[in-house]
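Presented below, as structure tokens, is a lone chain in the form predicted alone.
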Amino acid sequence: MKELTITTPIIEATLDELSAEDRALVEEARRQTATSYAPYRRFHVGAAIRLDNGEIVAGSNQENAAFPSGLCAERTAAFYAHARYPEAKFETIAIAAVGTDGLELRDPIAPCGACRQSLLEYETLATHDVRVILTARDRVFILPSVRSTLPLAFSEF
């Protein structure tokens, strides 16, 4: 028997430390929180994906009274990005959230398991790592890949 340790490399930064390209992606994710339809949980999430063709495609969470018929921001953006630009490869995704108090969260949040698995499929299609930027009020976490958010991923498909 052997014990394994799994670690996730995370870069912590401030918005000012990001490149202009990454700042623009974060700002779009933040804007998308305002388009969220979240009357039940009142938790508003926005996501923005930069594609290798230069396009930025964004989405927000969309709830529905018939739980779990709603959709998370990350999958809303990913599904639209691939439907609109099926040949484009994902490069980076930024995610922002606003809590029930109407303020951006103090700490970054990560995608749920379903979103991580869905994003992993697009990372596999891209044939390269897709960076993940998790943003909050005063902190930004940068992860090197979707796979780093799901280290024991189901990826043999």
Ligand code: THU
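Nothing here was measured: the structure is a model prediction, and the numbers come from that model. Position 1 is the first residue in the sequence shown; the rest follow in order.
The discussion below concerns the form predicted together with the ligand, not included here.
> Test of understanding: in the predicted complex, would Val132 fall inside 4.5 Å of the ligand by heavy atoms?
Because no heavy atom of Val132 falls inside 4.5 Å of the ligand in the predicted complex, the answer is no.
> Contact between Ala81 and the ligand in the predicted complex at 4.5 Å, heavy atoms?
No, no contact at 4.5 Å.
> His128 versus the ligand, in the predicted complex: is there a non-hydrogen atom within 4.5 Å?
Close contact is absent here: in the predicted complex, His128 is far from the ligand, nothing within 4.5 Å, heavy atoms only.
> Find out whether any non-hydrogen atom of Arg41 is located within 4.5 angstroms of the ligand in the predicted complex, and reply yes or no.
Yes, Arg41 is a contact residue.
> Only one of 86-94, 48-56, 23-31, 61-69 has heavy atoms within 4.5 Å of the ligand in the predicted complex; I'd like to know which.
So the stretch in question is 61-69.
> Which residues from 79-113 come close to the ligand in the predicted complex, meaning a heavy atom within 4.5 Å?
The stretch 79-113, when checked against the ligand in the predicted complex, contributes Ala110, Pro111, Cys112 at the 4.5 Å heavy-atom cut-off.
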